[in-house]
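Below are two forms of the same protein chain, given as structure tokens: structure 1, then structure 2.
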Structure 1
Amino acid sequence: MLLSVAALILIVPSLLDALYLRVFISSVIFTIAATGTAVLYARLGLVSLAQVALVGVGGWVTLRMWHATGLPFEVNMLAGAIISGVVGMLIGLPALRMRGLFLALITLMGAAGFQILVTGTQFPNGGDGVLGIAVTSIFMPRPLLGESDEAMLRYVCVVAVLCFLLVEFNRRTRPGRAWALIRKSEACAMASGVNVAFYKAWGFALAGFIAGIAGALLAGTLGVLDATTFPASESILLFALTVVGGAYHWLGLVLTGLLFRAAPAVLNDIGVNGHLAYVIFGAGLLHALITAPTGIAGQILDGLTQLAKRRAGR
């Protein structure tokens, strides 16, 4: 499994042209972000509609760190991820008392607030002080291992795999079991000795951390960021697509990333009018939500098991 993924990561980037290199880099980055959404949704039964905003937080911190210190990208990325994890935890604090739609909406308020703040402050581009904006944007350089688009695509893929593994590790150990109990019922979890508040906060922190990584990678790819990338509506869309792709399996998250970034790019590339693309995209979203309740990945996997069964039956 891991081997074939490694082979894919090695080969595919060298086959793509410049446009699709860029498109796939973005797709993988948002696959990573969706991984965070999925931790909350699939493992804890909670919904965060602030994930794209947290990606923004991670990107902001990464840029700020680089302009301030000039440290290697990976260090800044870690800082971005940690801060974004903390912010994620703060946004998730109300989750200790709420769940369901309410909680989702509270996180949406967080995302909307971020949108306004960051429109006003913009992302660091080399200006003085904490909030300073430079006359001419200074671009943060790519990470050493990702200087060309081709290398960058490999770089984000490797980070994505690491993020999957991080989540998988959490899922298979203590936090994973605690989350499973909480999802079933908080009362039951408490009666089982689970510190519900802690493990919920842990889930939000992990989701935020992963979003931060995605943000850092986005900043690393583009060198500068812009507030228009992180409106609240994008956070809603990312969650919707996580459901459409399938939150319970990594394949679903890969699909989420592709739907979020590659699908619009393909429509744009083949010259579909941007407004009509919205219509197609919206209709596709509705269609997928209706016809694939377990997500597209769920359907694919279901189909495969059925097929395997039928083969075995014969």
Structure 2
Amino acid sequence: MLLSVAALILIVPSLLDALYLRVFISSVIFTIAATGTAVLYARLGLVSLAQVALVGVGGWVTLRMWHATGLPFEVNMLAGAIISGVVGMLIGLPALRMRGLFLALITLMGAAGFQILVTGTQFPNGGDGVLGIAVTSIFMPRPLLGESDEAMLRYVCVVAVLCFLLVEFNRRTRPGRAWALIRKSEACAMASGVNVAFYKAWGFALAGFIAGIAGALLAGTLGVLDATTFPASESILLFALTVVGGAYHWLGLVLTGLLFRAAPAVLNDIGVNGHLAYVIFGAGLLHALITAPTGIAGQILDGLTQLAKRRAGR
């Protein structure tokens, strides 16, 4: 499996033209963002609608760090991810007492608050002071290993694999076991000695950390960010597409990123209004909720399993 992924990362970027290189870079970045959404939904049964806002937090801190210090991109990315993780944990504090619709509304309010904040202050673009706003924007350079679009696509793919491995490490260790108990029954988890508040906060912090990574990569790709990139509605769409693609497997998260960014771009490229994708997304969400709770990825994997059983039977 790892060899196949490595081969895809090496070969596919060289086969794409300039437009689709940029589209796939964006798709992979939002695959990473969807990974954080999936941590909360698939592992804890919690709905967070602030993930795109946390992507913005990671991008904001990364830009501010570079303009202020000029440190290497990876250092700035780590700082952005850590701050985003802290903000994610703070937004998720109400999860200690509530879940379901009320938690979703609170996280959505957090996303809306971030949208209002950055609309009023903008993103750092090379100016002085805490906010770092200048009349003429200074673009942050790309990381050394991602200076071209082709190299940047490989770069974000490698980071995405590392994020998948980070989530898988947590799933297979103590946090994952605690999350499984909490999702099944908080009372059962507490009776088993699980610190429910701590592991819920851990989940929100991990989701925020991963979102911050995505935001840093977005800032590193574009060099400058705009407030219109992170509306609260995008967080709702990202969550819906995570359900449609499949939150329980990495394949579903890849499909989420492709649906989120590549699908509208493909429609525009063939002369169809990209907004038609939202109609398709709505139909896909209804289909997932009614007949495919594990999403498109779950259906694909179930189909492959059934095919393997039939071949084995023959």
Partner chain sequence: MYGVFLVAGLALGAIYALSGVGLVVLYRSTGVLNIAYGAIGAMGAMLAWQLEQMQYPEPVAWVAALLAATLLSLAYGRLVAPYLSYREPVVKAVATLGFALMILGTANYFWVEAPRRLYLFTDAMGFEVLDVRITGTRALVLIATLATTFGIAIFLKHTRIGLLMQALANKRELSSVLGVPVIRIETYAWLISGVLAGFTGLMFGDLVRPNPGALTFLVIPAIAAAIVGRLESLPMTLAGGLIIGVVESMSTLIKPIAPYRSIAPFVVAAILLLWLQRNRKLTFSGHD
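Counting starts at 1 with the first residue of structure 1 and goes up one by one along its sequence. Throughout, rigid core stands for the largest set of C-alpha atoms superposing within 1.5 Å between the two forms. None of these values were measured; they are calculated from a predicted model.
Inset, instruction - Please let me know, 1 or 2, which structure is the form predicted in complex with the partner chain? - result: Only structure 1 matches the form predicted in complex with the partner chain.
Legend entry - C-alpha of Y248 off by 2 Å or more between structure 1 and structure 2 on rigid core: Comparing forms between structure 1 and structure 2, the Y248 CA shifts below 2 Å.
Legend entry - C-alpha of V266 off by 2 Å or more between structure 1 and structure 2 on rigid core: V266 C-alpha, core-superposed: shift of less than 2 Å.
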